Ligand SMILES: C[S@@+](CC[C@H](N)C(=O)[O-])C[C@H]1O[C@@H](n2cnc3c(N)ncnc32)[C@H](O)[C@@H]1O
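Before any questions on how it binds or moves, here is one chain, the form predicted alone, in structure tokens.
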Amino acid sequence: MIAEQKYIKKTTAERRKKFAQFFTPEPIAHLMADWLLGSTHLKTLLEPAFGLGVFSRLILQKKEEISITGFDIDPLILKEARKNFPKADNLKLHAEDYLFNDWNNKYDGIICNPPYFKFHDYENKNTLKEIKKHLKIHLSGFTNIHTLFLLKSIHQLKNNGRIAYIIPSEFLNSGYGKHIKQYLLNSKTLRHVFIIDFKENVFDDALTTSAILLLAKDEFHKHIHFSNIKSINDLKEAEKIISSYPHSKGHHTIPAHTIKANIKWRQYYQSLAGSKFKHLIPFNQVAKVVRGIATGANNYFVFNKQKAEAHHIESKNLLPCITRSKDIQTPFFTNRDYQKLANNGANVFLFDGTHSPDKHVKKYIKYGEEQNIHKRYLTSKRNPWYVIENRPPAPILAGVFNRNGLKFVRNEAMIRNLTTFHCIYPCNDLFNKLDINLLFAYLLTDVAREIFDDNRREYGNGLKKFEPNDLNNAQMLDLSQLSAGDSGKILNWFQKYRTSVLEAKEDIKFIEKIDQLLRKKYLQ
């Protein structure tokens, strides 16, 4: 990796970030190269995100007679790359966007560490149109560019060809990923998925869990293998698996026809926490989860006291509302917390001008129309456009994004919330009547978070997300199995914990006691 080290020294981190240049560690690059070299049909090679050509360099060391094509949008890095191939007359490098070029050519081998951008760092509208035009598939706007590289490469693979890709594993367990997974299944090319979860970083600059995908266009498509790599030493086992293909198996071997694209693939390569516990029920048996209020224009609809005074909007046209996750710092949000935020100028009001005769309200509505607020996507669907979604205050809130486990909040102030939180409404009918404090006490435990984690979505940089149905369809302990005595203990500890939080002396030992009791009662 001398070439990569030299390049890093002579370029800025800002430039490398701009072009999403994260170099593949050599042990992983060797592994991926060996997959392609295992094919006797390898005569043409494509590197869609060439960089400094680490994969091509490794392959040329073992197979000189090969025609290589590379693409990269950064002309500077291609200039540096050419220095590493002084005698390579069979190398063609193109300073072009791979996704918009070379659609008609096919290759025996394709190997890639594609660019990874956060959703907001690139414009993907035209790219998605290009993919749809050639592949006839419609993809979510949240689809990341690295998976688009993968789809195009599958399209360009010759019969008996092979593909090796290393990409963030988030698509395996995210919403947009179902379309990618369906394409993989339909193509019958996916052979092995290695989930990399190093304690140290895979890439120097990127904190992300990655996956190595090995694909082949051959007849061995009846099973898909999944294996976990947690250390560099585990790569040796992966080398054996690759060298013995097609007779090798992974840690988990799944019949391809049983694999479903619309579920999280975590269950195919990981033991689920919920399997350790007995008496599990779907969470939606005891509560319903829906997203918070979506305004379509927060800057317009969200107010603080100063803004209300400036526009002369009275309190009867302002709904108390939680607008930011960071405004709630503890598991209990009280009226006192709300008043403190309001008095400190926080944005804790939501404009509601429905049916108001007030002249200042009408003036503010007209101002919104002058700003074309009424023409935005969500507002244009409402009649009138400034009406607020009917979302009553929820007694329990759940955080949407998290890195340190699910964030649950007891909304004692009973005020509304925007989409920064999901709303949890406990069921209260003849068949499902659960003490809300007992439910909330459970939600605060590690047991609850572990079981919910089975249904999480994953994004880059360790970010986890739960959509409402991820929680609705998740499992939880059936708390009706608790004896009256155990329920009483839990509620007693819960009240002591609540008191400690409200007195700013949080004592987590009470939640730990609840967790221990639940494990004792419910572990298999």
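In this text, residue numbers run from 1 along the sequence as written. For clarity, every value in this text was computed on a predicted model and none was experimentally measured.
The following text describes the form predicted in complex with this ligand, which does not appear among the structures shown.
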| message | I need to confirm a contact call. Of 46, 49, 477, 60, which residue comes within 4.5 Å of this ligand in the predicted complex, counting heavy atoms only? | response | 49
| query | Want to guess which of 168-176, 257-265, 243-251, 89-97 is within 4.5 Å of this ligand in the predicted complex, heavy atoms only? | reply | 89-97
| message | So, residue 20 and this ligand: in the predicted complex, are they within 4.5 Å at any heavy atom pair? | response | yes
| Taking heavy atoms only, is residue 113 within 4.5 angstroms of this ligand in the predicted complex? | yes
| said: Is residue 77 part of the interface with this ligand in the predicted complex - any heavy atom within 4.5 Å? | reply: yes
| query | Wondering, does residue 73 line up within 4.5 Å of this ligand in the predicted complex on heavy atoms? | reply | yes
| message | Where, within 137-159, is there a heavy atom within 4.5 Å of this ligand in the predicted complex? Residue list please. | response | 149
